[in-house]
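Just the one chain here, laid out as structure tokens, in the form predicted on its own.
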Amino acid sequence: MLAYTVYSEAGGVGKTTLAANLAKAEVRAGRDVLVIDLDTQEASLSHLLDVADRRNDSEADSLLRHMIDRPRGPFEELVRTSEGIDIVPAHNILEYASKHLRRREEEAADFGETFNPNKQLLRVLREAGVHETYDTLIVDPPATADIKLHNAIHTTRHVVIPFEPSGKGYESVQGLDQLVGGLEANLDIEVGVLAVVPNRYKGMNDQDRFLETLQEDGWDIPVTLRERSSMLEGCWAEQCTAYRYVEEHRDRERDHELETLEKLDELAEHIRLQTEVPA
């Protein structure tokens, strides 16, 4: 099973858009795909793929309930589907994930039990047989380095890093390198970076210098995604992936947008060809 987390310290819609489009690219390749949305922002993957209708429902079951052993139903009933992608949507209760998971850890300790708050997403997915049901698992966590990110990393062990090729973006990637090292030390696991993905590329000289520096530093940059503001803003307006937006919401084909879709397929294939690991 191929499993990875799409993560950037800078956050923003670029991270979420990339996660959604990589998931769609995997579906297009004939694979069964599950996406876990751990981001509590309103502009999350759940909103982008139009499955966020129960985000505020206090009576709804949620992934966090399963992570603290308080489910209201089977895991399968959490899953929604959009464009052939299975999704576990985010729920607002995830905002309090640290509090509830730490409390559950304390309760377990009182009874002489072990409960690692950073491994609960992994436990839930294993118990649900996700590794037997799906070919690809993609996790979209928040930009903050909190317990939700720790669960995502513990589950997938690999990251894909989107960033804007600017001075701030370069610092973000370098900072993420330090963060990955810190996660490896704190969680006692190895974390692999499958790809660094520049987006909003405009072909400027300073951007090229940043990309050259990153490659010299040993980062794998399989594709560069150019500035496509109109298409990506359209995706959010229509709540769909770029593939569906171009197919259903454009009155004519635009070569530069088709090129972007081809690059997304290329990126997904590049990631897929990396060593697949059990989640």
Partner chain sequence: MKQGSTDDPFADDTATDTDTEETTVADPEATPSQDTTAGGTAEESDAADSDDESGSEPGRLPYIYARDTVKDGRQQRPIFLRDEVEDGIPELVGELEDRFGENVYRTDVMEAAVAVAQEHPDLLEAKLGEWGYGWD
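Owing to the predicted nature of the structure, the values given are computational and were not obtained by experimental measurement. Numbering follows the first chain given and starts at 1.
Missing here is the form predicted in complex with the partner chain; even so, the following discussion is about that form.
- Just one of Val88, Val160, Leu101, Leu137 comes within 4.5 Å of the partner chain in the model of the complex, counting any heavy atom, and that one is Leu137.
- Exactly one listed residue, out of Leu125, Ala97, Val197, Leu78, brings a non-hydrogen atom to within 4.5 Å of the partner chain in the model of the complex: Leu125.
- When contacts are defined as a non-hydrogen atom within 4.5 Å, all of Glu184, Glu190 and Asp220 contact the partner chain in the model of the complex.
- Residue contact check for Arg72: none of its heavy atoms lie within 4.5 Å of the partner chain in the model of the complex.
- Looking at Asp208, you'd find every heavy atom of it more than 4.5 angstroms from the partner chain in the model of the complex.
- Interface membership of Ile93, defined by any non-hydrogen atom within 4.5 Å of the partner chain in the model of the complex, is ruled out.
- Taking the partner from the other structure, the partner chain in the model of the complex has no heavy atom within 4.5 Å of any heavy atom of Met204.
- Taking the partner chain as it sits in the model of the complex, the stretch 101-115 comes within 4.5 angstroms of it through a non-hydrogen atom at Arg104, Ala109, Asp110, Phe111, Gly112, Glu113, Thr114.
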